[in-house]
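A single chain comes next, written as structure tokens; it is the form predicted on its own.
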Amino acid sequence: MTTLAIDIGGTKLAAAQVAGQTIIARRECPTPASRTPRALQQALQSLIAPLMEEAQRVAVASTGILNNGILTAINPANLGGLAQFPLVGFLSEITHLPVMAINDAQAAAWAEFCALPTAGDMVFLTVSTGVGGGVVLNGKLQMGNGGLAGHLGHTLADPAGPLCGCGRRGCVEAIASGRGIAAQARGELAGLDAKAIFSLAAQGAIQARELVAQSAQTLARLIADVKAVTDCQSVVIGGSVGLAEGYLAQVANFLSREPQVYQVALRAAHYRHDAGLLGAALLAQGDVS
């Protein structure tokens, strides 16, 4: 049975035909800059049209929180004008197929767990436009009654830190995410996005290196907290920032400075940027404990 999997992120939209754990065909496009319902609808229709043939269901992994088919978020800035968007209803209408939707980091967590189930209890962290997460304990994906479980980017990192889009001050997301890195840039770096800042950091630019290091240190401290809360055996890192060259090594270096009790195995996402697509497909197929 073929699943049409869709991944809705703050930077890109991706879609794929998935059979089992195999991606048969895949397409992607930038997330519409206007972030309006109409723009998203048009982009999704164009994206999935060539992949509709033979699909028997739709599985969506999306940034934000999916509750009763409605897309919302702790940090509405990551959605633009898409807060309260009836995502499941819209996709059901245009595909005439059953639709299952879940948070993208939760979906990715399940894909990564399925890739290495012997890893035991596992936490997935994605560092991209925002910072999200997913938790698998005792072989079960934790989602929570309202879909909130795993939103680790909104734990407190610095009470005197920058204001987060969720309304709190000093969330991990406000410091460590791509959006957070760019927002803290000053002087000659002001106005640059995270990708440009990472490029300058690789060239030795001092402020750029400091911003990247601050992100990595903040994530390492979050991982230590996560270890204390879940006693997980592994933490998997994904996302455009998390998978950037050299970033995971910096996170590991900062984590190594924490007391031994907070140490945990780190690895890069096995499925890289397709973890959300595959996780949503696996969940729709019923491959979940």
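It should be emphasised that the depicted structure is a prediction, and the values quoted were computed from it without experimental measurement. We number the residues from 1 along the sequence you see.
The same protein also has a form predicted in complex with a small molecule, omitted here; what follows describes it.
Q: Quick one: of A224, M52, A43, A244, which gets a non-hydrogen atom within 4.5 angstroms of the small molecule in the predicted complex?
A: It is A244 that has a heavy atom within 4.5 Å of the partner.
Q: Please pick out the stretch from 216-224, 249-257, 235-243, 43-51 that is in contact with the small molecule in the predicted complex, where contact means heavy atoms within 4.5 Å.
A: That would be stretch 235-243.
Q: Is L141 part of the interface with the small molecule in the predicted complex - any heavy atom within 4.5 Å?
A: So L141 does not count as contacting the small molecule.
Q: Is there a heavy atom of A208 no more than 4.5 Å from a heavy atom of the small molecule in the predicted complex?
A: No, A208 sits far enough from the small molecule in the predicted complex that none of its heavy atoms falls within 4.5 Å.
Q: Can you work out whether K195 and the small molecule are in contact in the predicted complex, taking contact to mean some heavy atom pair no more than 4.5 Å apart?
A: Looking in the predicted complex, residue contacts with the small molecule include K195, since a heavy atom lies within 4.5 Å.
Q: According to a 4.5 angstroms non-hydrogen atom cut-off, is R267 in contact with the small molecule in the predicted complex?
A: Flag for R267 set to no.
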